[in-house]
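One chain comes next, on its own, written out as structure tokens in the form predicted on its own.
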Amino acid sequence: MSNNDEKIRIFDTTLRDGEQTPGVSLTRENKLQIAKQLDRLGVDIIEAGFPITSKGEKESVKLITKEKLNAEICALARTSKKDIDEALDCNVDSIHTFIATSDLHLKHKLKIKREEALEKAVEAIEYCKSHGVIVEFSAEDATRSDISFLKEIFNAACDAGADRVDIPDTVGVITPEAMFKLVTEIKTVVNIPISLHCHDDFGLAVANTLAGINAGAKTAHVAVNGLGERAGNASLEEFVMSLYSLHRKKTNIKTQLIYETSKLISRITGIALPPNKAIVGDNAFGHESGIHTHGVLTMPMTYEPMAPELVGRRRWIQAGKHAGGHGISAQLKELGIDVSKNQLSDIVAKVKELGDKGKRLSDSDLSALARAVAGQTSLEEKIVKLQDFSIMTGLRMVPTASVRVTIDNKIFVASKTGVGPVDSAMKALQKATASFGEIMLNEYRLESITGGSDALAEVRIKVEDSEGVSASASAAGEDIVVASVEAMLDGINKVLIKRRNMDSKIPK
């Protein structure tokens, strides 16, 4: 295998550095679920945690190692026997041990000299190796360390038996050009694989990691959705797809599972993704401009740098003031609405008029507008029809919703609990339609249209299935719960209608 074909190894730190994201705290069950998904994704090394930090953290790492996943399971440890013993007790495959090497950290944090830091590093590596585990040694704050000392401690790490050395850009201050040069320098004194751990304080984590890989580093530390301390770590999805699409380098990542993994991590951590987040954001494969939609519908590569299916996604088109006839026509076809050329022109004109007024059109809005223009008076088609629903809630009871729907003339009943009446009702609807697969609620917005306790409120939602088919819907009313249920049901129906042409199992 040539160097050009050699696969770059992915060291995922979502469960360790990712959990250090402010506001994120994972249970043992959460961690195990994420570890299993990372293993399915094809991650080479999973940094399962930092066992010395708490009893629960250690138990989580143990739980993951017992699962016997394909990935190498790694635990973090400082260069102390106590830390290392806790990690060894978890029966991990490897230990990631670290000590700071910058004079700033040595003086103000550790209060030790360079010589003592080097001695601690060597002792820790030798102790780990005496217990038969793989060792990755990190020089914390490497990018602000004196280069001569960095070379000295990495050289000593190699002599002590380290299997890999890691260059952390701990506070994200290096540039791609400087990272390329640094890796080139370190390669002159080490003969073992080099890893990179870059933080995103200046938005350069992925760029710096790519630069280091191009200089000869073999492993990238990343986190799903770029989670991590402060501005986070290099994003797994951005790094892997940039590496694949722009640098023609390979990894073991199953890219079609990237979006699924991203959404799972977002749901479990509670950290929502910005719509414009590269690769996995809601808008990453969304188009509104008439010029763009015309181009992408004719030849996707005109306005998409990669096929959305490559990362488990689908493109979608938004009706708005920038929209054109081609995009609106494609949306209407997805919704099962046929209009003439003249009707299409009228619809596009009305969409632009509403857009100029700041109106954001959902699939339901576009559908209603199209049917009004086309003079269709029949009720909009529904695959799932709501028969009834009820909700019990109160100070001393868990909110519980029950729904009854009909699908293809068959009645389905489902009940679910939630954190409130709306949440429980949404979950009950999802359960009732589970035969079509999971349809997830991605976005929920509530806006008051009038004032007072009996205010008319508008609920806007966006839903998406596991295949990446999405739909937006809205409903208004004085009862927020009823409006939410109506919007959710409408969204589910929109997704099912869009999928019907691709899936014969969905009834007509």
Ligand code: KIV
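Just so you know, these numbers come straight off a predicted model, no measurement behind them. So that there is no doubt, residue numbering starts at 1 and follows the sequence shown.
Keep in mind that the form predicted in complex with this ligand is not shown, yet the notes after this line are about it.
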Considering this ligand in the predicted complex, which of 219, 145, 138, 262 comes within 4.5 Å of it through any heavy atom?
138
Just one stretch in 418 to 426, 95 to 103, 396 to 404, 329 to 337 has heavy atoms within 4.5 Å of this ligand in the predicted complex, so which one is it?
95 to 103
Looking in the predicted complex, any heavy atom of residue 498 within 4.5 Å of this ligand?
no
Tell me, yes or no, whether residue 19 is in contact with this ligand in the predicted complex, where a contact means a heavy atom of each within 4.5 Å.
no
With a cut-off of 4.5 Å between heavy atoms, is residue 164 one of the residues that contacts this ligand in the predicted complex?
no
Residue-level question: is residue 199 within 4.5 Å of this ligand in the predicted complex, judged on heavy atoms?
yes
Only counting heavy atoms and a 4.5 Å limit, does any residue of 53 to 76 reach this ligand in the predicted complex, and if so which ones?
76
